[in-house]
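Next up is one chain by itself, shown in structure tokens, the form predicted on its own.
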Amino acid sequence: MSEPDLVTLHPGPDDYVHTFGTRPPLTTVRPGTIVELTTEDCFGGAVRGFGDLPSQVCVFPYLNPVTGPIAVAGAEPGDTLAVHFVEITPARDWGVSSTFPHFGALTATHTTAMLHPPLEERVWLYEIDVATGVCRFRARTGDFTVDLPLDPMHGTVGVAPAAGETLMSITPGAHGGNLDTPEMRAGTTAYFRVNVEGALLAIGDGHARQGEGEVCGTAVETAMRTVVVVDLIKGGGPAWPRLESDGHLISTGSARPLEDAFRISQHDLVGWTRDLLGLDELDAYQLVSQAGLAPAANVCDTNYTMVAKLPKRLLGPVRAYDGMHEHLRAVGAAYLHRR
């Protein structure tokens, strides 16, 4: 069996894109290709110290740059794009987070208008130590510090939207985008419905770690060195992005209000479970109701995102997408062994 193609993608400042759906591909790859790529943080690297307030050093709407798009040969509308994350490694020994006056779950926004003053805009710096696997939180007021475990993930992963639509990279939706779920970590396979020829995959918004909900609006934002395997399943494109880890099937839903995002993710997981196990729909509904998990992904974006998880041990020998996750995991393991 021949080794898969290997493509390296290290974009320069002029190569990043801030939307899904408007830009021609930076490269085209065959299904099964391993892609080594780098990504910039959500601030484009402009926030480096306490005095670098995002409102002063960043230019809206040029936030949340993504690497891509990557076209996949043979991908057609209705197909399923599979993206397996082999490795996600912080590219810097520091990360940043911030609060914003009108962004986040616990402040007034333009859609939730309040008379009280907005939150202070403030920056936090985190020391990242990949060797020991920690990032260090330091309080801005007082001398409290604590080491948090690294859990690198990508907040923004998606494909071009349907019907020629263009969406900002900070917007999550049926195409993926800024889902901000910690589940998008190394070892996970993501599945997206292909909406345009080539799919046009883009990846960005690296987080050294993030709590569920991304409550303040930012994670520990940093640049990343990432390796993915990109493959194609003809047909079967899911209505909403799905993820698969070694332990769980994961459905996503993005909408406002939050309960609609919850319903979308649960609806998809019930349908996925029904189809995989050949169950009556209400039987699948009952199983997901008793065995499922529902962590929040983000409660701060233009749309909110919820995920729904079901333990794969309940499926017995059944494998989603004919074992694509297991196959891509083996491809990734062989790449790491050769390297």
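We number the residues from 1 along the sequence you see. On a predicted model such as this, the values are computed, not experimentally measured, just so you know.
Form predicted in complex with a further copy of the same chain: not shown, discussed below.
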Contact of Q286 with a further copy of the same chain in the model of the complex (heavy atom, 4.5 Å):
yes
I'd like to know if T99 sits close to a further copy of the same chain in the model of the complex, meaning any non-hydrogen atom pair within 4.5 angstroms.
yes
Does G198 make contact with a further copy of the same chain in the model of the complex, using a 4.5 Å heavy atom cut-off?
no
Is there any non-hydrogen atom of G45 lying within 4.5 Å of a further copy of the same chain in the model of the complex?
no
a further copy of the same chain in the model of the complex: contacting segment from 64 to 72, 51 to 59, 287 to 295, 36 to 44, heavy atom within 4.5 Å:
287 to 295
Counting only non-hydrogen atoms and a 4.5 Å threshold, tell me whether W124, E212 and L258 all contact a further copy of the same chain in the model of the complex.
yes
Can you pick out, from A91, V130, I233, M168, the residue that has a heavy atom within 4.5 Å of a further copy of the same chain in the model of the complex?
M168
Select from 103 to 135 the residues with a non-hydrogen atom within 4.5 Å of a further copy of the same chain in the model of the complex and write them out in sequence order.
G104, A105, L106, T107, A108, H110, T111, T112, A113, M114, L115, H116, P117, P118, L119, E120, R122, W124, Y126
